[in-house]
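Here's a solo chain for you in C-alpha cells, the form predicted alone.
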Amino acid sequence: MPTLEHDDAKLFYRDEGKGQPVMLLHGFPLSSESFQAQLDALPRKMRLIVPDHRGFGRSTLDGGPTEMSRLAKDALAILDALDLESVVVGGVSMGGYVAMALARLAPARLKALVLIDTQPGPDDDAGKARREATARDVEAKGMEVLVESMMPTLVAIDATPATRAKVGRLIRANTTQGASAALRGMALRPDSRDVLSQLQRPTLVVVGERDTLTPPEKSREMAALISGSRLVEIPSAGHLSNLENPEAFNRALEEFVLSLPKESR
C-alpha cells in the first residue's frame, strides 16, 4: 500500500479504482478501514483515495495537537503526489472538519464536496473543556475510554452486534497519542460556516436518520448554507452512516458523483 513522507509524518493511503477521483476522509477515532464497504463496492464506478489521518491507522504522528488544517495539508500533499489537481472530497465527522479546512485552504482543489454526519460550527468553551478532559482520560486509561464513551453516539441504538464489534475494533487499533492529539486539534478548529456560505461547488450532505451526535436538523441547517446542495438522510443509521448502512450510502454517493457535470468530473 502506498505511503507518503510529509511534514514529519508517514502517511498511509489506499488508491483503488478508475474514473472520477474521490478522496474520503475518516472520522474520529477510526481509520481508513471504516470505508471498507465503499472500497469493496465503489471502485468499479470511481477512483477512491482513502488516507489514514496522521496518528491513526498506519499513519504516524509527530506530536502536538493535530489541527484540522494540518490534516487538510496532508490530504493536499497526497493529491500532489498523485498528480491530481482537483477531486471530489468527502469527510465523515472529523473528516468533514478536515474537508471544510481543505475548502478554506485550497478551494480550487475541490471539484465537489461531500459532508457526512458532520457540522460546521466550532466547539464552545464547554466543548473544548470536554475535549481536553477526554484527551487526558485517554492518555491515563487507554482507548477503551473512547469505546465506552463514544459507542452510544457513534452508532444507532439498534446497531447490530457485528457493527458495534467492528467499530470497537477500529477504535482499539489506534494509539492514545493519536487520539489525544486529534481531540485537542478538533477543539482548535474555526467556524466553517463562512466557508460553506461562499462555496461554489456541488455539495452532497449525508446524515444518518438516527444520528444523535450531529442530528439531521444540523445537517439541514448546514445544507441551507450551501447554494444548490443536496441532502440525503440514510435510514437505519446513526453517526457512521457509511458503515452502518453502506448500501444506501454507496447509492447516494454514486448517484451524486455520476450526476456531476462533465466539467466537474
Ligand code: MLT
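The first residue of the shown sequence is 1; numbering continues from there. Note that the structure is predicted; figures quoted are calculated from it, not measured.
The discussion below concerns the form predicted together with ligand MLT, not included here.
Checking 150, 106, 79, 195 against ligand MLT in the predicted complex, a heavy atom within 4.5 Å turns up for just one residue: 150. This chain appears without its partner; in the predicted complex, the one residue of 102, 138, 88, 186 with a heavy atom within 4.5 Å of ligand MLT is 186. In the predicted complex, at least one heavy atom of residue 93 sits within 4.5 Å of a heavy atom of ligand MLT. When contacts are judged by a 4.5 Å heavy atom cut-off, residue 213 counts as touching ligand MLT in the predicted complex. In the predicted complex, ligand MLT sits within 4.5 Å of a heavy atom belonging to residue 131.
Residue contact with ligand MLT in the predicted complex: residue 27 places a heavy atom within 4.5 Å of it.
Highlighted residues 97, 154 and 239: every one comes within 4.5 Å of ligand MLT in the predicted complex, counting any heavy atom. In summary, the region of this chain contacting ligand MLT in the predicted complex, judged by heavy atoms within 4.5 Å and restricted to 202 to 210, 216 to 224, 27 to 35, 59 to 67, corresponds to 27 to 35.
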